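Heads up, the chain below is alone and in the form predicted alone; it's given as structure tokens.
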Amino acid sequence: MKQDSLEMERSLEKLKEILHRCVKCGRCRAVCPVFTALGSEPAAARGKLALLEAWLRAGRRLRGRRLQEVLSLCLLCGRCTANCPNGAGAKEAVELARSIMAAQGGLAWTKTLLSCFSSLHREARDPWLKAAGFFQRLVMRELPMERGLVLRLSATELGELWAPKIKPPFFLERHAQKLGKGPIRVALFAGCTIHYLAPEVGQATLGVLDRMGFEVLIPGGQGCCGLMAMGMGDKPRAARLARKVVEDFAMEEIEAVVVPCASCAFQLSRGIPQILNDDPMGPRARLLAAKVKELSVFLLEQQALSLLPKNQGASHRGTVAYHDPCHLALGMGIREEPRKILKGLRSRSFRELDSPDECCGMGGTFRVFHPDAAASISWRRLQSLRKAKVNEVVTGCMGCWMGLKEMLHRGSEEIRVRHLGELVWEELEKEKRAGTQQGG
């Protein structure tokens, strides 16, 4: 209890320090996707910081519906922090305020429920998602359209809903915990979206790593990285998940932890060391963070481009654009690596978007709690994709992967959303088939 009280005091002091640094110049408004979409002062970082300052000056606890709503209107993309001339750290202020609010009992029950569910051990969560997948197939896909339930859904706004398909058996159930026999051993952190919704992305990543000659460990007990819980302010659950990640992946014998999702890579390399900074597991968390490699960075460092076909051949598959995930571009400063790989593909042409840094509007749970604002934000991304006239849009973040899919579904666009690992794997498979045919 005393430790909690001290931590709360430190958090409040840190928050006040950031608020004091903000001079209310409003530069954050120009770069904030939420402010651009809604046009109201509380949507921008300046409005949030002004409200927090007034709240604390009045000696009030950080709770209440109005404060919940305002603090919830943030993607945590980091554009405000990156563009603040005074180094105020508005994103960090929102994160701190959310964690203080949650600790003071102000976390909304819907977010508490979501945080609880995301924090379950994978073995406890899998049966729930399998049941949800069964229900999804029954209602959304397998009932004949003339059945009453489908017709009733179609006549309402629910009929317009898009949801990613849940795909059992899940990724970690499909594979042994070790693959390949290469001289260098790496570990794979799959993340929740790949596990439940996109096993094909995990499969492609494994295929690439195997073709490159690595031995890949896939710890079967791995679960959530904790980014969702942390984003909602539920620091105790985020810390619990962080300790589990460190227990599963802090192995001396591995050279790298390869992460195909940019948001998970950000959390493993930046978030977890920060959460566990004063924890006994802090030193192990920092050692683990030093080994974390987002997939595109790892592929480039390991000379994956040298494995790709050198000639374009007859099977050109169109033009691709790259969508920069906020956690990768702004959070980790990684922009060039994915582009170098895409430009190295011979089956596709690369085309840069007018505004490659545009947010997709996903923002963790932002799209869940603010669907209209998220749709407005993603509309700008949709316009840039339409203008570019590409066949595929590629990303390295599974949150963006979902956000882009929903955006294109609503926009009735036939542009495919792909993960970088899938395209590299397709190219390697194409090269292998060509070699087999030439060899007779």
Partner chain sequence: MGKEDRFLDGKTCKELKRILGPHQLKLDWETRVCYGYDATNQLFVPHAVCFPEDTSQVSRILELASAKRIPVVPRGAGSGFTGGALPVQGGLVLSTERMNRILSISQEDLVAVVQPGVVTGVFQKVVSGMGLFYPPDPASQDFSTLGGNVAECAGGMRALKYGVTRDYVLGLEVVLPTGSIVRTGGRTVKNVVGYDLTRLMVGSEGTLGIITEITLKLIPLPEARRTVLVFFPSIKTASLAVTKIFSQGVLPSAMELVDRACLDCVAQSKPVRFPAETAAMLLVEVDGSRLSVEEQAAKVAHVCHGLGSLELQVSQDEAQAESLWSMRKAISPALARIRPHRLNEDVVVPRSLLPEAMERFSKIGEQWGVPVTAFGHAGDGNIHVNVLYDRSDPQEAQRAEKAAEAVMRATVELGGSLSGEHGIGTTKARFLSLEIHPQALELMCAIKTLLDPKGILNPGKIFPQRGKGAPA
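Positions refer to the first chain, counted from 1. In this text, all values refer to a predicted model and were calculated from it rather than measured experimentally.
Separately, the form predicted in complex with its partner chain exists; it is not shown, and the next lines address it.
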TODO: Within 4.5 Å of its partner chain in the predicted bound form, counting heavy atoms only, one of 302 to 310, 336 to 344, 214 to 222, 84 to 92 shows up; tell me which.
DONE: 84 to 92
Open item on the list: Please tell me whether any heavy atom belonging to residue 46 falls inside 4.5 Å of a heavy atom of its partner chain, as the geometry stands in the predicted bound form.
Closed with: yes
Task: Contact flag, residue 432 vs its partner chain in the predicted bound form, heavy atom cut 4.5 Å - done: no
- [ ] Evaluate residue 51 for contact with its partner chain in the predicted bound form, applying a 4.5 angstroms cut-off between non-hydrogen atoms, and reply yes or no.
- [x] yes
Open item on the list: Given that its partner chain is not shown alongside this chain, does residue 27 nevertheless sit within 4.5 Å of it in the predicted bound form, heavy atom to heavy atom?
Closed with: yes
- [ ] Please state whether every one of the three residues 184, 201 and 210 places a non-hydrogen atom within 4.5 angstroms of its partner chain in the predicted bound form.
- [x] no
Task: Residues in 35 to 72 with any heavy atom within 4.5 Å of its partner chain in the predicted bound form - done: 35, 39, 40, 41, 42, 46, 47, 50, 51, 54, 55, 57, 58, 60, 66, 67
